[in-house]
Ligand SMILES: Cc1cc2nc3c(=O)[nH]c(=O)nc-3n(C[C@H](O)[C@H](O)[C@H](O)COP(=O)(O)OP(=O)(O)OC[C@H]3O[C@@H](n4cnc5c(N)ncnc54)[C@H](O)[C@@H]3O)c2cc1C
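Given as structure tokens, the chain that follows is alone and in the form predicted on its own.
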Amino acid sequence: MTQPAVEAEIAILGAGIVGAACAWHLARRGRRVVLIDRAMPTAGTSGACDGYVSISSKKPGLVMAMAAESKRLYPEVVADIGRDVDYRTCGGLLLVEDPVTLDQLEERAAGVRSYGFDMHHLDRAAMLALEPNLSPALHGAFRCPGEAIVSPYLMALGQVARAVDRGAATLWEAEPTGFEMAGDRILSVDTSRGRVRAEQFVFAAGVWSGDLGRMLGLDLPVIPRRGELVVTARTPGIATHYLMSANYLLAKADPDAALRSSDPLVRIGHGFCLEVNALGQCIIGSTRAFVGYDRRTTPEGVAAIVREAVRRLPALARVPMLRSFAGLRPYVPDKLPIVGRSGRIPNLLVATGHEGDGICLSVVTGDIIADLATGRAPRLDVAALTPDRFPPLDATVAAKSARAA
């Protein structure tokens, strides 16, 4: 029988920014944690995205409430990490491209204000006074001055490092291959690098969470949704805020529009967003498409991203485009993340399916998971996010993947 590679109180499967946040919170509370990844930290989605820590881009309701709590927690976590993760408050502008959307955007702004964050309308003149490189064809913007950006890569690595400082173990390039069960509880996970025993397990594997669920007969319907981005040369002063168009929110919220529309931009799920990183480079996005696990960029997607960015920020026409890349967002069909304890497997917690909100929501998700793992009431009622909202898979699926003890 394979001997345990590691023993811990809590085993976390997945070392992206969500798994890293879970490890940080749990290790800070004195729990013996092992963090396991099929590759390396940030090898997946967290290493292939921008870093908007935003509330204004969230739909009013539970996700917006999570964003508000996460934004309050972020500075505390960054300070504890004790290294530069390129975190800074830059403010965000939600660009008004059609006056017809003003009432909808004001409703969103009211939601943001209800959580204690400012968001207010700027007319065209006020918008251009703040961001003179924006196109005067725009109809103004809604400004949320408290929005921030972070390097997802550095933030995830920083949390992993601090968890290790507090005694967490790590196991990289460890592909999960099956679970040892005793009744309805997990005893251990077998990986390509050995067996790991733990008292509790956390699934935080992003777009690969469904594979873990199937090993246990659980339906965790996380689907990869590819997003393409473009990186420019350094161009200081081109913009000071994070910029986002309202159609970004529409593309995010209505994936079926790509099937209904004849508009090429809608069909590729385009929505304009732009971040100026700590190096002065613009990270410009984005598209949204269901193409399985294909992380290749497309000529059509990159061309649309560049063309639509220049239309909104004409000064970009003079800036060299250096490279493009794509990442896979963990999308859930009901458009809510999966966060909570399984009622079917009582020592399993799940933290996945945040799609494009994972960078912002990671910090509060880790806090919620740590509360649940240690028997505390979480700061938010996340019952609506339970993994039990999906019916279980056929029992034969679990029998093929998980060995009975």
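So that there is no doubt, residue numbering starts at 1 and follows the sequence shown. Worth saying up front: this structure is predicted, and the values here are computed from it rather than measured.
If you look for the form predicted together with the ligand, you will not find it shown, but the lines that follow are about it.
Enquirer: Only one of these stretches, 307 to 315, 101 to 109, 202 to 210, 78 to 86, has heavy atoms within 4.5 Å of the ligand in the predicted complex; which one is it?
Expert: The contacting stretch here is 202 to 210.
Enquirer: Using heavy atoms only and a 4.5 Å cut-off, determine which of 345, 360, 339, 26 is in contact with the ligand in the predicted complex.
Expert: Answer to the contact question: 360.
Enquirer: Of 34, 48, 372, 64, which residue is found within 4.5 angstroms of the ligand in the predicted complex when only non-hydrogen atoms are counted?
Expert: Looking at the other structure, the residue within range turns out to be 48.
Enquirer: Three residues, 14, 227 and 355; all within 4.5 Å of the ligand in the predicted complex via heavy atoms?
Expert: Yes, the whole trio is in contact, each within 4.5 Å by some heavy atom.
Enquirer: So in the predicted complex, is the ligand close enough to residue 122 to count as touching (4.5 Å, heavy atoms)?
Expert: Result no; residue 122 lies far from the ligand in the predicted complex.
Enquirer: With a 4.5 Å heavy atom cut-off, would you call residue 255 a contact of the ligand in the predicted complex?
Expert: Close contact is absent here: in the predicted complex, residue 255 is far from the ligand, nothing within 4.5 Å, heavy atoms only.
Enquirer: Can you work out whether residue 176 and the ligand are in contact in the predicted complex, taking contact to mean some heavy atom pair no more than 4.5 Å apart?
Expert: Yes - in the predicted complex, heavy atoms of residue 176 and the ligand come within 4.5 Å of each other.
Enquirer: Does the ligand get within 4.5 angstroms of any non-hydrogen atom of residue 380 in the predicted complex?
Expert: Flag for residue 380 set to no.
Enquirer: Does any residue in 38 to 57 get within 4.5 Å of the ligand in the predicted complex, counting heavy atoms only, and if so which ones?
Expert: Heavy-atom contacts within 4.5 Å come from 38, 39, 40, 42, 43, 44, 45, 46, 48, 49, 50, 51, 52.
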